[in-house]
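Given as structure tokens, the chain that follows is alone and in the form predicted alone.
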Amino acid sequence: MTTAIVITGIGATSPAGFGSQALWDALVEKRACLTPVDPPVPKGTGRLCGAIDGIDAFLDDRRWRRAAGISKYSIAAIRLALADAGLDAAAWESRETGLVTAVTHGAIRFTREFHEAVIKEGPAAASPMLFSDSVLNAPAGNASIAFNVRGPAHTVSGDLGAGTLAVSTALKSIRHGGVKVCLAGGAEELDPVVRGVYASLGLLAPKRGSVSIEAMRPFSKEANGFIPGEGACFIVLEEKDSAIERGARIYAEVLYAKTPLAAARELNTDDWGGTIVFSGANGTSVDAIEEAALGRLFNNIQTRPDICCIKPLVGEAFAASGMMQAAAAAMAIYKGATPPSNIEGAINGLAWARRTDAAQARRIKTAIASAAGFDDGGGLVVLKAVSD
């Protein structure tokens, strides 16, 4: 019999603020948390981004004052998630605790500075501090030290579907790896080089075309690219029986974490009622891939699910965004509310998407975080309400 695994804690550092409630409030209020980037910016692209301000003051831990932003965001999000779950890292069994961190670009700023010093001044000028924190698994390594995680600590890398892979890996760690509590999350930091690359590929909004107003327009005929963002989001996963025994608050049960997105066809949605989808659409070509997959998934049920897009409010933060979607899905179930869809303009094929101006009270039985990758990958995290 498959072990039931539940979400008992959520922590987020996002452009909306620090904590999962800040992210939820931005969703409910349809509040865009975007700010201008420092010039120069490539011609034909916008100036907005989803940036985080005040992380050093919030973290207030001198051990990490020189760490890369992606590590700071991760540590802050994990601290918030553990507090939300009522867990104390100083008191838990560290060898039975796991960590899975999804990343996409990593600490690009540190990589740039390290490389620049080597090129300009030679190998002797290379900074070991910059190098050690620029590798992709640095956020997981730093977080393991910060929170006494001595069980398996994994780093998974990928694009828009990396968050799904993190949840899938965490489930396996609990079911087959001797782990009782596993932290699963994603993190990303803004960098002008990364921004410039996506601008050169014509993926940033607004790219050249008929639409010049800077905004992300998921599933819209007027979609013209994404706005980059940053941050981190982590959830606490543990066995349902253990969570109940310690009196933990349970957000939702994890039903599936499927990769790639094509695996959606394996799921039976006939008995899924009260469903909401937190889409990973970002105003680029991946929207059509996700739209087709969701269409196949819900083709045979009469009641169409609601849909919500987070990224128009906080930007595209890749691995971190996928986890923010999963966190919002869990909160929607727990709070019994459907946020506004945050979709502008005409909807291409998803006629069942509900565009509301305010959050609606509603009993939600199933919530989905969906993501399509640039390589036709991606995946689904499917959550369900826990029976009383």
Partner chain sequence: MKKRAVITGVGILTALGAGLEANLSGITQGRSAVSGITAFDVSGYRVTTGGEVRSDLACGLNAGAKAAGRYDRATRLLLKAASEAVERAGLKNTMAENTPIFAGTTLGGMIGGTAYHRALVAGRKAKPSLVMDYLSHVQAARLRDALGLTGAIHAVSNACASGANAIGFAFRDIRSGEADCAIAAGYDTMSEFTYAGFNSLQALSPTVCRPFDRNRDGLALGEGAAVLIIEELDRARARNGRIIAEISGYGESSDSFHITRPDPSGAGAAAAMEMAIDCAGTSPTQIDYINAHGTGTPPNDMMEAAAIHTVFGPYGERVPVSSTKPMTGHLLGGAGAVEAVFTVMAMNSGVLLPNLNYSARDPACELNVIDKPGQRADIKFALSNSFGFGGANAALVFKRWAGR
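Residue numbers count along the first chain shown, from 1. Predicted, not measured: the structure shown is a model, and the values here were computed from it.
Below: the form predicted in complex with the partner chain, not depicted.
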property: is_contact(Ala153, the partner chain) in the predicted complex, heavy atom dist at most 4.5 Å; result: yes
property: Residue contact check: Gly225 to the partner chain in the predicted complex, 4.5 Å heavy atom; result: no
property: Exercise: Asp25 in contact with the partner chain in the predicted complex, heavy atom 4.5 Å; result: no
property: Partner proximity in the predicted complex: Leu165 to the partner chain, non-hydrogen atom cutoff 4.5 Å; result: yes
property: Contact residue in the predicted complex, chosen from Ile244, Leu267, Ala89, Val135 - any heavy atom within 4.5 Å of the partner chain; result: Val135
property: Interface segment, criterion being heavy atoms within 4.5 Å of the partner chain in the predicted complex, picked from 225 to 233, 288 to 296, 78 to 86, 108 to 116; result: 108 to 116
property: Heavy atom within 4.5 Å of the partner chain in the predicted complex - qualifying residues of 141 to 162; result: Gly141, Asn142, Ser144, Ile145, Asn148, Val149, Arg150, Gly151, Pro152, Ala153, His154, Thr155, Val156, Ser157, Gly158, Asp159
